[in-house]
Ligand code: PYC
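Heads up, the chain below is alone and in the form predicted on its own; it's given as structure tokens.
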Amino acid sequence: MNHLPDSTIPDLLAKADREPLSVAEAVELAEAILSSNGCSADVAAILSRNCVAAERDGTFSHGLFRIAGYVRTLRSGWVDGRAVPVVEAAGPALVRADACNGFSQVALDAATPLLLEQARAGVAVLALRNSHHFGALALDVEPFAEQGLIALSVVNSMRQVAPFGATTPIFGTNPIAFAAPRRGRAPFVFDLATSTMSNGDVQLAAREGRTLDEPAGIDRQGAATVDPRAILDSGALVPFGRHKGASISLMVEILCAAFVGGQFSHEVDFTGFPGAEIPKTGQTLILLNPQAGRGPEADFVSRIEALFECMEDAGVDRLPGERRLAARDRAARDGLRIAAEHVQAMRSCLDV
């Protein structure tokens, strides 16, 4: 593997230390780092756009913070940065994809043309296996809503969450993302972990020396804690909503392992791959054509806009995802101010 950096990397890192980077510059930087650490050009392009889009949207726990984790995992040999996914139609509404030990986002990109073709008839389901996912799930579903479709996706990860009533982690953070089209506006999108918070946010709090606003997990003795370090040090996150969140997390495990042929979160084993930190599991994506469900005489978008207006009249001042869109607008206008520790982490990716 060639770890020698592209000549653009030092200049962009030096600039990031002084001033904001444009979104395009941040993509160029991430792409150069990933390419120099074992990713093919296509894989590096897809992953870098994904990471920078999360940073742009203010989802810092899945943004450029993740680049060093990608590099450590690539160098460990746990993931194949040059894998070419295999996509097949498994029925009139089912697409199967094998990421071939590569990244989920790359396999999703390869499957998208077939998914769109099938979804136009009403519904399409993607069963994605043998895949690594380390990004923000909202970014997987939003492009389909931009095409006028409803999209729902779930992905499991690695054992970090203790089921309700347990003291041992079994589940992943197991996020759910949903997107729906709107009229003349960016799609309605939400992305939430079925744990009280994402593992990435816990890691950021630990690195910054912050305590959590409320107990989000348990320590190694099973006691509730606001100390992120105690959660990460042989403790566990807990599901949101107690038994309700745990049930939803269990559903995600079933859809992402038993259904697609992936691994359950507790089966992910990095043994033999020092430095690896990206879970290898599975993903399920469901696409619906909203007009196919209602018929040609009714308009789906008009119906949901009426619902949003009703919510506004009731006093709701911000829909889920609107803060993300505001961050996106700021990034387009002002560029990306990258935290110094993230710049330093990316700089460390140049070490052989």
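What you are looking at is a predicted structure, and each value in this text was computed from that prediction instead of being measured. Numbers follow the displayed sequence, beginning with 1.
Heads up, the form predicted together with the named molecule isn't pictured, but that's what we're talking about next.
Shown alone here, Trp78 lies farther than 4.5 Å from the named molecule in the predicted complex, counting heavy atoms only. A residue is said to contact a partner when one of its heavy atoms sits within 4.5 Å of a partner heavy atom; Lys280 fails this definition for the named molecule in the predicted complex, lying far away.
At least one heavy atom of Asn199 is located within 4.5 Å of the named molecule in the predicted complex. Among residues of the shown chain, Ser157 is one whose heavy atoms approach the named molecule to within 4.5 Å in the predicted complex.
Site residues Ser36, Arg72 and Arg347 are none of them in contact with the named molecule in the predicted complex, judged by any heavy atom within 4.5 Å. Of the stretches 84-92, 252-260, 110-118, 199-207, only 199-207 has residues with a heavy atom within 4.5 Å of the named molecule in the predicted complex. Contacts to the named molecule in the predicted complex (heavy atom within 4.5 Å) from stretch 168-186: Thr173 only.
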